[in-house]
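First, one chain by itself in structure tokens, the form predicted on its own.
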Amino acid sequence: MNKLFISNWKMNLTLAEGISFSNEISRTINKSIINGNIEIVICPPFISIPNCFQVLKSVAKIGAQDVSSMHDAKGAYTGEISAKMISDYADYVIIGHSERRINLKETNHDVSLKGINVIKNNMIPILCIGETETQRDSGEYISVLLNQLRESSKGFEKNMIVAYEPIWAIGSGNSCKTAQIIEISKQVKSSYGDETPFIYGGSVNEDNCKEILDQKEIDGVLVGSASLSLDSFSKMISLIDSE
């Protein structure tokens, strides 16, 4: 399968900025000779998804950063965005990111409902799991992660991408060691099958992305702040594509 390079913009870039950046990305990718072993996915804020789709559709897929757990299509849910609303543009949806689990108190059950809604609308959930530094240091991280994965994927266990994002690594500048990532990949694939894509996120940047993706056990990366710089984005794509 192709290696996945997923760029999560988080709560960054206005609509105008997002369109401008998408145009820059499109020009950058078109100037590169992509050898066909990378699938690039851009995850803008909801407001930018339709416009970014139009700019990027020839060079990248679109993903959403979240989706409603309330209903897969429509209803009296003020402020919510349904899976159906984004399905004309997005192929992927990030669910269960630790920033939402922590800041918005999302539960494993909430995440599972979102995943079911994503599947109903023919998109692929990117299900995030991750442990705290305390849980890792205590040695219980494997059971924590597998329980989180099991509870969060109820109803769509065989139709997902698993994104391992250790909470202690996100935005810290301290990425997991490659051996630590491979350990989690083996646990996930042992439980859910070798065909389940496993990707890593957590301070991925131009210095470590190629080493991570060179591992056969790792199927992609989920990149945050490093993908918001055109220079960094371009360097990561070039490094990955240099094989």
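Don't overthink the numbering: it's just position in the shown sequence, from 1. A quick note: this is a predicted structure, and the numbers were derived from the prediction, not measured.
Absent from the display: the form predicted together with a small molecule. The rest refers to it.
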Counting only non-hydrogen atoms, which stretch in 187-195, 37-45, 201-209, 57-65 is within 4.5 Å of the small molecule in the predicted complex?
201-209
At 4.5 Å between heavy atoms, is His97 in contact with the small molecule in the predicted complex?
yes
Is Gly18 one of the residues lying within 4.5 Å of the small molecule in the predicted complex, judged by heavy atom distances?
no
With heavy atoms only and a cut-off of 4.5 Å, decide whether Ser225 touches the small molecule in the predicted complex.
yes
Would you check, heavy atoms only and a 4.5 Å threshold, whether Lys235 touches the small molecule in the predicted complex?
no
Give me the residue from Ile86, Ile116, Ala169, Met160 that has a heavy atom within 4.5 Å of the small molecule in the predicted complex.
Ala169
